[in-house]
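Okay, so here's just one chain, in structure tokens, the form predicted alone.
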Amino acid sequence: MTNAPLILLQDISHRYADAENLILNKVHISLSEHQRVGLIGPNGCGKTTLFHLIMGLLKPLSGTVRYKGKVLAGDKDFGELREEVGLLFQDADDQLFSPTVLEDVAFGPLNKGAAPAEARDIAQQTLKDLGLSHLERRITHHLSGGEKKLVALATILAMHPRVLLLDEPTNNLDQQTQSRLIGIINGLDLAFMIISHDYDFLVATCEDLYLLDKGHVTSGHTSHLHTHHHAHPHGAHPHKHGDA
């Protein structure tokens, strides 16, 4: 299925264990090669849950997850997806656990079978590509929030993913770090999906848009988010500009 989307969710429904209503109701969403998608919606509408379903961290109540046309049915299948799909968590502290930045960034390549010297080279090159070489000897948990976010992204990129899932990547970032992040993301030759409440960030990085609300998804294009009159087709949904 060479023309299949990289990621395809078909009729995905999900309910939290302690909830009566579905958080996701027969959701259909896809991500194709080199596609750049933004995902927006109110707090608690299931955006992060959707990412966790893609990664196999949660199991849907019903529906199927496909990667490159293949239905993912068990841990082995999702393990193969995780080899090529990188998830950036909302909180960088959930992603960083090694003593130093270099060790954190080298962990992924080591885990995939690279020799220690090769993993170190990959980590150093990744940090260099992101303009973060000056951080490699730093103690990870002594970094600023923005530095942690960029290093967390480096840990994913060091594994040479085919797809990125970024969950609120601009949370608690200052404007300068946001600008750096936009430059990094726009320089990547990857398919990605970004969860964000920051419309301006999505306009700067994405082409297509999914709106998740009340269990359902609608799609559009980020060029429709802003006109010269600053009009919003989703104006009924609260949103912010310039921060997360």
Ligand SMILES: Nc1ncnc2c1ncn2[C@@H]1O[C@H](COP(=O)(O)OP(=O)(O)O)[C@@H](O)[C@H]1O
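Treat the numbers as computed from the prediction; the structure is a model and nothing was measured. Residue positions are given as counts along the sequence shown, with the first one as 1.
One more form of this protein exists, namely the form predicted together with the ligand; it is left out here, but the text below deals with it.
Original post:
Just one of Q35, T177, T48, S30 has a heavy atom within 4.5 Å of the ligand in the model of the complex. Which one?
Top reply: None of the other options qualify; the answer is T48.
**OP:** Considering only heavy atoms, tell me if Q95 and the ligand come within 4.5 Å of each other in the model of the complex.
**Re:** Q95 lies outside the contact set for the ligand.
Subject >> Close approach of P42 to the ligand in the model of the complex, 4.5 Å, heavy atom >> reply: Contact check for P42: yes, within 4.5 Å of the ligand in the model of the complex.
Subject >> Any non-hydrogen atom of L9 within 4.5 angstroms of the ligand in the model of the complex >> reply: No, L9 sits far enough from the ligand in the model of the complex that none of its heavy atoms falls within 4.5 Å.
**OP:** Examine E20 and determine whether its closest non-hydrogen atom to the ligand in the model of the complex is within 4.5 angstroms.
**Re:** No, E20 is distant from the partner.
Original post:
in the model of the complex, which of 186-194, 48-56, 202-210, 65-73 comes within 4.5 Å of the ligand (heavy atoms)?
Top reply: Result for this chain: 48-56.
Original post:
Quick one: which residues from 116-155 get a non-hydrogen atom within 4.5 Å of the ligand in the model of the complex?
Top reply: Nothing in this stretch is in contact.
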